[in-house]
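Shown here is one chain on its own, the form predicted on its own, set out as structure tokens.
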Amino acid sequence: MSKLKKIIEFKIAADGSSASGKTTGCYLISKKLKMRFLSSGLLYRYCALKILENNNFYNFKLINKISKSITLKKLNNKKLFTPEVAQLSSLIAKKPFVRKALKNFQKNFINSSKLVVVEGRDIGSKIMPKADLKLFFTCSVKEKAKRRLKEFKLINEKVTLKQVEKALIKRDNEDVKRKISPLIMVKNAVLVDTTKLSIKQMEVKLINLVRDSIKKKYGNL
């Protein structure tokens, strides 16, 4: 069971609400089990960054050009986490032509290895519908607000916990109700509630889930 190289193929798709721990959780899985990891939200952030550098102008032609220039190395950029980029990436993610342009990169990434974990919207429903394991992360709003408060403090020292909580509630409601790629728990996904889990506890829980799923598919390795 310890040698995943014996596995023919195993792919994980993950989604969940904002600040629910999905990115951290998937990173822990990839690091522990030597799987390739992609947080698809970075693709939209990269497009947003390039749009801002292009004086906020964008159309299908530009987005298509940007999507073809993306590399994993380019996604490792601190500029992708500025408030301006975050705000714009959330807006363009609702555009069908943007999602369509970025689909190829995600598909190519998934096909680049037999062991991958990808998190983000549409992954389990449209990008990787036949994933071996689908995870859906959730967490209480109060706990999510506590986690995000430190990040928001870097932007605005005066921000309060209640303000962060209000912003997260607004974001979750928008994600659930939006017409393009709404936040939903796809069929057969495993619910992972991280509200009361420490990082270590989350790692143990997720690794056990993955190993159990691998065992169901391949038996004892």
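Think of the rigid core as the biggest set of C-alphas that the two forms share within 1.5 Å after superposition. All of these numbers come straight from a predicted model, not from anything done at the bench. Numbers for residues come from their place in the sequence shown, where the first is 1.
Just so you know, the form predicted in complex with cytidine-5'-monophosphate (C5P) exists too; it's not on screen, but the next bit is about it.
The putative spot formed by S90, R99 and D175 is fully lined by cytidine-5'-monophosphate (C5P) in the predicted bound form; each residue has a non-hydrogen atom within 4.5 angstroms of it. Although the partner is absent from this view, C139 stays clear of cytidine-5'-monophosphate (C5P) in the predicted bound form, with no non-hydrogen atom inside 4.5 angstroms. In the predicted bound form, at least one heavy atom of D122 sits within 4.5 Å of cytidine-5'-monophosphate (C5P).
In the predicted bound form, cytidine-5'-monophosphate (C5P) sits within 4.5 Å of a heavy atom belonging to S40.
Residue contact with cytidine-5'-monophosphate (C5P) in the predicted bound form: K50 places no heavy atom within 4.5 Å of it. Heavy atoms within 4.5 Å of cytidine-5'-monophosphate (C5P) in the predicted bound form belong, among the stretches 190-198, 167-175, 29-37, 57-65, to residues of 167-175. In the core-superposed comparison between the shown form and the other one, the C-alpha atom of R148 has shifted by at least 2 angstroms.
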